[in-house]
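Only one chain is shown below, in structure tokens, and it's the form predicted on its own.
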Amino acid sequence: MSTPFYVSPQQAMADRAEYARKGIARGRSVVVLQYTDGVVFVAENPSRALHKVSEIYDRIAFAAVGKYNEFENLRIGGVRYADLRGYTYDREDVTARGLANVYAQTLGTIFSSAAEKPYEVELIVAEVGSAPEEDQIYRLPHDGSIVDEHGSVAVGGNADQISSYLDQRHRDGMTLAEALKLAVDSLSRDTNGGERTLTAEQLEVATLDRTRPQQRKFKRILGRQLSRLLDEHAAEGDGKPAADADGGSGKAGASDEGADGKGTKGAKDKDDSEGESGPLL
């Protein structure tokens, strides 16, 4: 009988971590920034059916990069956790910190288990407070650790380069338009230092807006409103005034809907089986 091949626990964990990091790096980046009225999520995502940014609860949103079927399962689990906790106790008891702890336990258990491969995902959980200093942003890597972030954070793709760019330019008190412009500029930078143009059709943008009168603060920025915000700063860069494409505040182009956001648990969980193909996003 031959002797079984031995791999040290340290080497096995290092190999699993490298496997997960490579899968995450192949996904398109997601950027999350604080601005005056809340938190904005900007993802490079040309798909209109598969969302990388989603609502979890009243003041909480979720962003992810990596394998869609894996982070979609985590999103659905987070929605169920939040709904159950809010129904059993109180809606104020559902917090981003509690949700991040649940995700950390799940990811940590999967990563340390030798029976299955680690999840190729990296998550961001954010909660908007009543004031900017009360906002919370947590980044959860593949191994289940929790990183408390402030100001800006990027995951997936060339996240290190994007994070460095954001750290140098992000500041407190930015407007939504300024934060969006900074996020798009950071996503437009290639690993070799070049730049490319990202259009509204290639972006997925959402906010947690503390100024909304509704209990639910999550809002997607779509269509004409997103195009107007992008064109506005493109025109400023050329030294020309921007035309208001929708003839007003642009709210007609905004939508609170999405594949995840009809406002009830059933609507959020309706697409439990959509992600089986597992594309990298």
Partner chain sequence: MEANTRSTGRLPAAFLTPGSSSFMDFLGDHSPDLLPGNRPLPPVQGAIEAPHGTTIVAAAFPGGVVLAGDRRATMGNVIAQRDIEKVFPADEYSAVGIAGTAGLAVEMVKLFQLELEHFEKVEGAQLSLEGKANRLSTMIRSNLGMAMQGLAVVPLFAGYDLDREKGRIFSYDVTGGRSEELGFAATGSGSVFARSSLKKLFQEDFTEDQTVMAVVQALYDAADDDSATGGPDMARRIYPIVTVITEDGFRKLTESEVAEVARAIYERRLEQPDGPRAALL
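Everything numeric here is computed off the predicted structure, so don't read it as measured data. Residue numbers count along the first chain shown, from 1.
Another form, the form predicted together with the partner chain, is not on view; read the next lines as being about it.
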Sole residue of 161, 95, 73, 202 within 4.5 Å of the partner chain in the model of the complex, by heavy atom: 73
Heavy atom within 4.5 Å of the partner chain in the model of the complex - residue from 35, 62, 41, 57: 57
Contact label in the model of the complex: residue 176 to the partner chain, heavy atom within 4.5 Å: no
Residue 147: touches the partner chain in the model of the complex, heavy atom cutoff 4.5 angstroms: no
Non-hydrogen atom contact residue 168 with the partner chain in the model of the complex at 4.5 angstroms: no
Exercise: residue 216 in contact with the partner chain in the model of the complex, heavy atom 4.5 Å: yes
Answer range among 98-106, 132-140, 203-211, 150-158 for contact with the partner chain, defined in the model of the complex as heavy atoms within 4.5 Å: 98-106
Complete contact of 12, 16 and 19 with the partner chain in the model of the complex (any heavy atom, 4.5 Å): no
